[in-house]
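The chain below stands alone and is given as structure tokens, in the form predicted on its own.
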């Protein structure tokens, strides 16, 4: 018996030492870096692309990168990020050459947006949206806008604030969240005459599923429809006061989702933030005022086709 206990204590000691060593390695190493693939890529900038890129940036980038103090995409503290991921700052993506992306090439921006790898090799964790599903033309439009003279991205020398990722973020970036591969072929724009196809494209590329599925940690960003609890709600971002705001069920379940919602009710909630004359949205979700009615209706059409999940999510109260 004494011999058994002796060996058991030795085994437990070894496990503890390995655990401490593993924790220390991950904590010290931090977010992994990767080899950067140089891409010779040049976007033909046109007024149409800049206009389209601005719309996409306002829908996808501005909510995280716009600082109300500067009125530009100079980055900010992302207080809505769950505390378990650490203290997260979005970065300066204006044309400033020292603190922004003023010296970034089109190829470097493309590589970051597609893979999540910055030009210095550092990996941008999942709290930065990547665009593995976005059409080539829309990616070109985003790059054209970021390199434009629009006031939102005009050079502003606001220094970046370094993120302070938690151990969980470092661990997940080591074992689960990896850079995405560059697309092997061209990605075409969706058929805008096919409401369900356009809606799926928007749900994927506006990251609707990322917040409205079960948990950021179990999202499948390369295959969104395989995310745990796809669009069934239950994720837990924070509001401006740091309180949890549970995301809602967007599946067509009639009891706990939007199965009984009319198209008009959905469009009014998403675009105008109103529902039956009352505020419908809780921060960090804000009205998608830059969506057209047709786009909002297309999202509704697609949501009607996803598998219904029975997930009764209590609606968070307004502060």
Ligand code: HEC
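Note that this is a predicted model, so its numbers are computed, not measured. Between two forms, the rigid core is the largest collection of C-alphas that superpose within 1.5 Å. Positions refer to the first chain, counted from 1.
Omitted here: the form predicted in complex with ligand HEC. The next part is about that form.
A.B. asks: Determine which one of 221-229, 181-189, 166-174, 97-105 lies within 4.5 Å of ligand HEC in the predicted bound form, judging by heavy atom distances; exactly one does.
C.D. replies: Heavy atoms within 4.5 Å of ligand HEC in the predicted bound form occur in 97-105.
A.B. asks: Spell out, yes or no, whether the shortest heavy atom distance between residue 247 and ligand HEC in the predicted bound form is within 4.5 Å.
C.D. replies: Heavy-atom contact with ligand HEC at 4.5 Å: present for residue 247.
A.B. asks: Does residue 49 reach ligand HEC in the predicted bound form if we count a contact as any heavy atom within 4.5 Å?
C.D. replies: Judged by the heavy-atom cut-off of 4.5 Å, residue 49 is well away from ligand HEC in the predicted bound form.
A.B. asks: How about residue 275 - does it come within 4.5 Å of ligand HEC in the predicted bound form, if we only consider non-hydrogen atoms?
C.D. replies: Answer yes; at least one heavy atom of residue 275 falls within 4.5 Å of ligand HEC in the predicted bound form.
A.B. asks: Examine residue 132 and determine whether its closest non-hydrogen atom to ligand HEC in the predicted bound form is within 4.5 angstroms.
C.D. replies: It does not: once ligand HEC is placed as it appears in the predicted bound form, residue 132 has no heavy atom within 4.5 Å of it.
A.B. asks: Report whether all of 36, 45 and 144 sit within 4.5 Å of ligand HEC in the predicted bound form, measuring from non-hydrogen atoms.
C.D. replies: Checked in the predicted bound form: no contact with ligand HEC for any of the three.
A.B. asks: Considering 195, 83, 206, 154, which brings a non-hydrogen atom within 4.5 Å of ligand HEC in the predicted bound form?
C.D. replies: Among 195, 83, 206, 154, a heavy atom within 4.5 Å of ligand HEC in the predicted bound form occurs only for 206.
A.B. asks: Note which of 137, 160, 150, 215 lies within 4.5 Å of ligand HEC in the predicted bound form, where distance is taken over heavy atoms; exactly one does.
C.D. replies: Of 137, 160, 150, 215, the residue with a heavy atom within 4.5 Å of ligand HEC in the predicted bound form is 160.
A.B. asks: Only counting heavy atoms and a 4.5 Å limit, does any residue of 261-292 reach ligand HEC in the predicted bound form, and if so which ones?
C.D. replies: Counting only heavy atoms within 4.5 Å of ligand HEC in the predicted bound form, the contacting residues of 261-292 are 261, 266, 269, 270, 275, 280, 281, 282, 284, 285, 288.
A.B. asks: With both forms fitted on the core, give yes or no for whether the Cα of residue 85 moves by 2 angstroms or more between the shown form and the other one.
C.D. replies: True for residue 85: a C-alpha shift of 2 Å or more.
A.B. asks: Determine whether the C-alpha of residue 279 shifts by 2 Å or more between the shown form and the other one once the rigid core is superposed.
C.D. replies: After core superposition, the C-alpha of residue 279 moves 2 Å or more between the shown form and the other one.
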